[in-house]
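Two forms, one protein chain; structure tokens for each follow separately as structure 1 and structure 2.
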Structure 1
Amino acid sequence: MSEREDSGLVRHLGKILAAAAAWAFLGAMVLPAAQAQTSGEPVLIGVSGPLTGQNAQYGAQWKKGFDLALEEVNGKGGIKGRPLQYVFEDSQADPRQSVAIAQKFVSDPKIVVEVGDFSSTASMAASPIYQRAGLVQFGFTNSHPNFTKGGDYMWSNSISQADETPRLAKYAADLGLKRLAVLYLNTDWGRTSDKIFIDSAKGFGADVVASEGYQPDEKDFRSTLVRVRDAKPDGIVLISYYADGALIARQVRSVGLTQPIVAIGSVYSPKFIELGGEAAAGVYTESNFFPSDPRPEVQSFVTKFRARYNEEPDDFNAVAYDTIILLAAVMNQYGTDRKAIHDGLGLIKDVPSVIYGKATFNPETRRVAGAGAVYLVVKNGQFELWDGKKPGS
């Protein structure tokens, strides 16, 4: 069912027919092929995430990554011959619904591992239930520093802020910027990143001269940018997602600021360029995932993604894909028992990963360290590798 759900959705009004036809065709192609090699009772992953409500687009992004990974896993014989599938329960990223979903999953013996939820509010409210029931809660987007401290059944391969943010600071320093103004999304993620950024910037010899939090539903940044301007920065740092990052980049230019913009890897999405328009040009960012990255894991993922969805993959697609591949590897190696998956996560080594190259968990923190990254800059309407040129030179 999950394989086909997307096929009914109309994505682009102008491409209804073409898209629908292509998707139906792909769906029809994929399913029999997958089933030919797997049989028996499916192995079920429980997904708790937003399909409706404010964050629904992220749930939709996940699905694309999941479906692609499942196709690959089941094409290679599934989990020891059994097909791997997921059950996606819509939580709207609402904690009241995620706890009910948690109870549903833990009491269903067919669910062997849980993935999600999207927001830390929803994930961490459900953590006590998963912990007590002994079902792994794999919060692959939960970078909240306390998420995996909820118990030894909370695991995450989300890129840790302690990893990513200092790299952003280094990039800013490499660009020759000394006085930075930070705009951060005022959530647990943005707030944590901001703290780390301020410290690590100092280590690279740059000062943070202004630091402004903003609400996720903020659309107007002009007044905020006057504050930024008055702090006289020589560079603007965005700790944002792609949608709000694009809004800020546009307004930075319209209030007459000309400083270079350095944005954290979460803006890495084709949508950033689409939404940012001309203002996105020249924005510096880094990414753990870059489609032109020659690594074979990346290339195989990007090729398959483009073929199936006819669009460019982004970070959320990649991390969702990684998650399924990782869990499948754990299950194939250590078994599909809930306890076996928990133990296996701590034991497994060097799973091929789009984000990490090779993913290995630290059994203490239950997180993965060492995501590689590339320096990027927006040029000619796309992300390109940074050519080493400093702004203004």
Structure 2
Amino acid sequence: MSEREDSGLVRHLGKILAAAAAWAFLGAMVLPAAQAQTSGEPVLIGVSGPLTGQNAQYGAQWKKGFDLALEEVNGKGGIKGRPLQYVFEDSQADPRQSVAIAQKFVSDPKIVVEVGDFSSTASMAASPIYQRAGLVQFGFTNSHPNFTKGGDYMWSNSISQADETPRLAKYAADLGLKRLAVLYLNTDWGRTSDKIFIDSAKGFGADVVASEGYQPDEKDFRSTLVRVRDAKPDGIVLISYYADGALIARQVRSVGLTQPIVAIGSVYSPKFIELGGEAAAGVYTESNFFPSDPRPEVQSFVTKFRARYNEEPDDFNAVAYDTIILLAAVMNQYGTDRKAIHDGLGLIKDVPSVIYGKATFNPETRRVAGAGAVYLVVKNGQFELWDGKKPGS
């Protein structure tokens, strides 16, 4: 190697080292206050939920809510000075995967509480494992009424189907719909919701003239929709997630059905509008959260979320945020071992909450009560508050 080459190499290495030092300095500068104010062994939450597959959007929404809450919690000193973190395992909302993840989490003593899975079906498949191990399974999107009946280590701040589904039936009635056709996801969650909806609709003076289940991986709904069309409904109800709900909405119009569509709150996601395209326009749904809600706790959360992500939050962002804030409060007040978290959930009161205002558990049902509700409709490519007008008026 010539002297010139050797000199050039030295200069090149010098630039690399200088750049590395600069990046290290910048990394230290942008290190969140969250980490700067905490030290020691992190307190770990295990998360079981979808990061890939057809429900991946929900996992992405969770992470944004989690991360915003962690920044806040750790910025205030974490859990007794220790950083709060989570380990997210991708289940694809598949019961087989959620069971494997449960076995992994319960055998890891560093995991002090588990949150998830996304669907009640996936969560309930894993519940016996968490119950036997004495590890709280916090199903924050698990609305199935039987989820918390799986044992005293099953807790939830999700709205139960027993409360949400009658609200959907009332919305359909408020829209003036009397003959309803229901398409429901043929899972335990979907079948339970369908039954509750049918019973509730009668109480609001409506009849369910068709009730059709479909499989989670189903893509072609045309034969089902022909049967729906033949039942002559004046409204179509979807008990679906955003991906299958959007696909059904598109195919509903393709077979000549023009009736209003009313969908359960699980479709409340920007992805529903993106996937549904023009067919999503005019779809009615309901939610426990909406960014324009004037309540101070909602507006505080919305302001922080917009500042971090430059977008509007939705229900799943909000409940994920709430969950971390709640669990952090329990751990700071009652301790970080598995039994202390279990006991603390039954004792904690009035934790600040975006969804509830203040969250307190009923120790018998292990659920929080008192969430508000808003009626929404898709207009101008976005969810908007329902103006009270009936379809066609």
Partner chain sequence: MDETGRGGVIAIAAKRSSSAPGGLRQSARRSPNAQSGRRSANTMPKGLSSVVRVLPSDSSECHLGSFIDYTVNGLVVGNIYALLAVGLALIFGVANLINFAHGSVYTIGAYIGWACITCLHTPLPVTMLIVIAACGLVGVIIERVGLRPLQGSARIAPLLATIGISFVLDQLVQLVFSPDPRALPSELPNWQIAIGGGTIGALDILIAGIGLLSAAVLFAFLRFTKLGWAVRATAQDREAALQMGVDVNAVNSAVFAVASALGGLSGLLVGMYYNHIDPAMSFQATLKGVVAQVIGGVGNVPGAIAGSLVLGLIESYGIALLGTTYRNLFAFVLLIAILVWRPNGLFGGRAGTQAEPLTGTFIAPSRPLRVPRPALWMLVALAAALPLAIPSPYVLQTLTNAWLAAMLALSLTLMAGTAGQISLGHAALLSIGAYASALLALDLNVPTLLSVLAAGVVTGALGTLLIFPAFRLRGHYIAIATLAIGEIVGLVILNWESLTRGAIGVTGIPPLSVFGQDIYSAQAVYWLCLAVVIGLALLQMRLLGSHFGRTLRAIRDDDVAARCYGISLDRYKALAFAFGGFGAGISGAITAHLFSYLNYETFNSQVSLSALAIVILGGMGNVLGAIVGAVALVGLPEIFRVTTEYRVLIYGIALLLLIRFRPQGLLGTV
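Sequence positions of structure 1, starting at 1, serve as the residue numbers. Quick caveat: nothing in here was measured; it's all calculated off a predicted structure.
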Please let me know, 1 or 2, which structure is the form predicted together with the partner chain?
1
Can you let me know which of T224, A371, D194, L345 is the hinge position, looking at how the rigid parts move between structures 1 and 2?
A371
When the larger rigid part is held fixed by a C-alpha fit, how many degrees does the smaller part turn between structures 1 and 2?
12
